[in-house]
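We begin with a single chain expressed as structure tokens, specifically the form predicted on its own.
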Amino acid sequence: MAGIRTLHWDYGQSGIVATVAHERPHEGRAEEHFLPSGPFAILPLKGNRSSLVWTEPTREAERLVASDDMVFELELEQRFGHKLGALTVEGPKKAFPLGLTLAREFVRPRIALAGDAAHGIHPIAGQGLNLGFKDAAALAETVVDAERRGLDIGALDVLEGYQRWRRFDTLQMGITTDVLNRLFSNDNSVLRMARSFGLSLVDRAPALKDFFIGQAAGLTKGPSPRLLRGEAI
């Protein structure tokens, strides 16, 4: 409706989302496994429950979601393992197609895109939410600063400041998740060895590990919006 075009390509994958109950406590531990079909993430919820983000080729994901709970749980157990005991699916199972979508422009006069309206990335690194938080905080700061200076908060030159702030970071993260997905979502023997070496190197280097933990938590250095630094605007 705004005439803003997007860059998009489909990964041929879908992310299965479900809530799973298990016998033993997860102790607040999140895990991500890199399988040939795509990443498989287990995210702790309150009690003996976890949220599941399970990537499969789209046709296989549709089959799994359409299957009854017993078949789904058997397939899930092969990937989840037995460390948390017996598994039970709670509530509905859904599958969402995965792709990379980037808006070519984030702003037009009196319009600003933020969050999923501006970008959709692969969930392999769990960074979509962090990008949305940064967008919202940057847009809020841009609008408040413009109002204090007596400027029209919907003017294109004002909103272009927000676009400059956020577009490069979004593009960088989109490319990063795209590369990670292509690197990890395959069973190529050479790439498998490279992945194992890289992950082992990170695990043995505390500084490198801290860097990646900071990246995953959205605590990167740079011109971060004040709200994300805990400061008032």
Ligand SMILES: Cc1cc2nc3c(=O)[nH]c(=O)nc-3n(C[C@H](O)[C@H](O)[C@H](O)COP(=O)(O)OP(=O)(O)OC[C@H]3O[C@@H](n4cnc5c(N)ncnc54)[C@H](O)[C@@H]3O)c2cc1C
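No experiment lies behind these values; they were computed from the predicted model shown. We number the residues from 1 along the sequence you see.
Below, we turn to the form predicted in complex with the named molecule, even though it does not appear here.
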The named molecule isn't shown here, but in the model of the complex which of 152, 145, 105, 116 has a heavy atom within 4.5 Å of it?
116
Among the candidate residues 128, 85, 161, 109, which is the single one with a non-hydrogen atom no more than 4.5 Å from the named molecule in the model of the complex?
128
Is residue 21 one of the residues lying within 4.5 Å of the named molecule in the model of the complex, judged by heavy atom distances?
no
Exercise: residue 98 in contact with the named molecule in the model of the complex, heavy atom 4.5 Å
yes
Counting only non-hydrogen atoms and a 4.5 angstroms cut-off, does residue 225 reach the named molecule in the model of the complex?
no
Whether residue 180 contacts the named molecule in the model of the complex should be assessed with a 4.5 Å heavy atom distance threshold; does it?
no
In terms of non-hydrogen atoms within 4.5 angstroms, which of the given stretches 118-126, 152-160, 71-79, 136-144 touches the named molecule in the model of the complex?
118-126
Heavy atom within 4.5 Å of the named molecule in the model of the complex: which residues of 10-24 meet that condition, in order?
15, 17
